[in-house]
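First comes one chain, alone, set out as structure tokens in the form predicted alone.
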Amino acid sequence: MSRAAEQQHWLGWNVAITGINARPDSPGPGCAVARCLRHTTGFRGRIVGLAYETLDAGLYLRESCDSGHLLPYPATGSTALLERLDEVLCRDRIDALLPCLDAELPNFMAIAEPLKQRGIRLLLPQRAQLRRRDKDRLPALCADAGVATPAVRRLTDEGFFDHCGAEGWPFPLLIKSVFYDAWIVHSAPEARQRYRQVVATWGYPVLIQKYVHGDEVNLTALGDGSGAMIGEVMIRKQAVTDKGKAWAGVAIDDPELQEAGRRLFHSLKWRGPLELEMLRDAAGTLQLIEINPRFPAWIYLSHGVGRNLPAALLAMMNGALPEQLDLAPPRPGTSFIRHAQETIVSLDEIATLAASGSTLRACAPASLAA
């Protein structure tokens, strides 16, 4: 196959992936997405890591990324992001880009057309779809889809916790930001502490959600924008971190969860990857807790059960129809256990990244390397 023909097929693409941090309590999905692609039969492309912190582990893991580059924080806006990506393109060819973090999606959506003009493929939701799955808008979405969800309220005053029980919001409660982090609180002092922590880290508003006790089950799948749910993989969490992130889980076959997923995908008309977090309460009712507009950190399990969703996403970006995707029936009972480990990095590599914003392994763009 010629070089030009190889680049036309997604197995030969250079794929840029964000979210390549590996924090034990709340890992980003990026390294797991890269791992899925590495284990895709016939994948010949390079993986380009895009990170926000010098110590994001994926930048230094050769099994994750062939090269890496720092991006400006999402708060700097879409113009700064596009300018930085233009600098990256002078060193690395990028054929497709997979954003893996919630907060960066609006910026990538704003520059999707300029990136397309630069030859970079994306498969992103529309702004209206993204807004409909916001944490404070879940009740309206669930009412439309016929799915249960706990009540949610926006707060801008921590004094609410001194009388929340009288207003029908007894402890325990769940406190969240609109982006990341969630804590169960059992008293007003604890609630105020977590409230201030959310404000300091993520700003306003702070969200509270009525606490539901139950077993957590998750579903991840792809959407093509028509309302179809493609390649669903479902798990039950078996162990979680302090932030509620899955540390161990098992693939399940849950028709009720599958049906809830179908209804939500149909209502959202979602494009791209999506994760649903749900709880089965004491009465056996599934309640939607959160919708994440990306792959989950446990996405490597999709490869383990025979449904490599990151590979399927690239095939869709290359024009494949759902019926053309290589998605075998998933294997229930397949489990994963996460672990943390050290990687050895030279001081020169860290210093080079801090000074230049790119790792030592960045290659020349296609026009220069040809």
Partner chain sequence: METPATRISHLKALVLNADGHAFDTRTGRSYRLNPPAQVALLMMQDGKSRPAIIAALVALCEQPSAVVETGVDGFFKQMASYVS
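Numbering follows the first chain given and starts at 1. Keep in mind that what you see is a predicted model, and the values were worked out from it rather than measured.
Not on display, but discussed next: the form predicted in complex with the partner chain.
S.K.: Would you check, heavy atoms only and a 4.5 Å threshold, whether Gly306 touches the partner chain in the predicted complex?
M.R.: Residue-level check for Gly306: no, no contact with the partner chain.
S.K.: Hey, in the predicted complex, does Pro255 get a heavy atom within 4.5 angstroms of the partner chain?
M.R.: Pro255 belongs to the contact set for the partner chain.
S.K.: Taking heavy atoms and a 4.5 Å cut-off, does Arg280 contact the partner chain in the predicted complex?
M.R.: Contact with the partner chain, yes.
S.K.: Can you tell me if Lys245 lies within 4.5 angstroms of the partner chain in the predicted complex, counting non-hydrogen atoms only?
M.R.: Output for Lys245 is no: heavy atoms all beyond 4.5 Å of the partner chain.
S.K.: Would you point out which of 100-108, 224-232, 116-124, 247-255 contains residues with a non-hydrogen atom within 4.5 Å of the partner chain in the predicted complex?
M.R.: So the stretch in question is 247-255.
S.K.: Identify, from the list Lys210, Arg84, Arg271, Arg236, the residue with a heavy atom within 4.5 Å of the partner chain in the predicted complex.
M.R.: Flagged contact: Arg236.
S.K.: May I ask you to choose, among Asp162, Asp215, Glu259, Asp144, the residue with a heavy atom within 4.5 Å of the partner chain in the predicted complex?
M.R.: Filtering the options by heavy-atom distance leaves Asp215.
S.K.: Could you list the residues in 188-206 that come within 4.5 Å of the partner chain in the predicted complex, counting only heavy atoms and keeping sequence order?
M.R.: None of them.
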